[in-house]
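Have a look below at one chain only, the form predicted alone, in structure tokens format.
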């Protein structure tokens, strides 16, 4: 899937650049899930001015076979798709979706170019191409279209309809309920423009550049070089001298609290949410795991709790059992640890269900609350789940 150039199909209709600029001013806020007007996330490492060539994750397997095989099972390996070959082609081919809020009907069709959709009465019924899909499909998958307006600034449409795996059906994309239509193009979804659009693609791919209706230098999904910049230099250095102590990677502070900031570049940090929204009763905080984590006493007092303390970044987090994660808690909270704070209710089990339970942020979509705390009535309700 490392096709260096993916050319998209132009729309069969034209809309005014001035109109799109006005729409973008209204709907420029980034967040597929939150629907807030919080700041955009920073670029991921792979697109932050890195001009080095990429070697691709598959080439890392030669020396890092275990990490690569674990990576293939993770959601990071399935974050970006062309609708020519994405997993939901059959579900969308012939699908009809009723947009009850607006009284419109979406009619989908799969073809050799991907997936397209039409809305009777909108643009004369012309078919709108939906070229890309974002998401692993574990929770949901949202379609995206590039729609250049002739200004040279990238323009995209986050489609109004998302496929939700837990419901096994299509429904309105989170954050789009209640959006008003000022221009016909908005019947198909939210207009996203310029740097905001580039950042959406940046967090779902290892490398790509948007040029009009084309993705150039595309390496899909979040690959090794999304985090390990300088893969080509590393490969060359190791080939010349396997014993070299300088790995050739860009220097990054992986083992300090800056690691959380690195993960937050795409998993959303404090720069992606208003300070007034960082409240224990705000269920949306659950979707901002790095934000919740740094509020926790476990983080503030330990000064050594990092994302990688519990999560191997090469593995799929859901593959590990609840008990595995509880053992991480007990490394600090057990009688065997000097001056440890032990739970007075259940000192050796139930850590996750009590202090980091799952919270539903959208029907059938839930995440563990990383704001580790003693929970009370002010906190969002937790989902009861069977102990693993």
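Positions refer to the first chain, counted from 1. Treat the numbers as computed from the prediction; the structure is a model and nothing was measured.
The same protein also has a form predicted in complex with a small molecule, omitted here; what follows describes it.
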> Hey, with the small molecule in the model of the complex, do 202, 234 and 354 all fall inside the 4.5 Å heavy atom range?
Replying inline: yes
> Can you pick the one in 306, 122, 110, 278 that has a heavy atom within 4.5 Å of the small molecule in the model of the complex?
Replying inline: 306
>> To verify the annotation, which of these, 289, 83, 147, 207, has a non-hydrogen atom within 4.5 Å of the small molecule in the model of the complex?
In response: 289
>> Against the small molecule in the model of the complex, would residue 189 count as a contact residue? Criterion: heavy atoms within 4.5 Å.
In response: no
> If you check in the model of the complex, is residue 131 within 4.5 Å of the small molecule, heavy atoms only?
Replying inline: no
> With the partner left out of view, is residue 259 within 4.5 angstroms of the small molecule in the model of the complex by any non-hydrogen atom?
Replying inline: yes
>> Residue-level contact is defined here as any heavy atom of the residue lying within 4.5 Å of the small molecule in the model of the complex; does residue 177 satisfy this criterion?
In response: no
>> Given the stretches 139-147, 178-186, 212-220, 98-106, which is the single one in contact with the small molecule in the model of the complex, using a heavy atom cutoff of 4.5 Å?
In response: 139-147
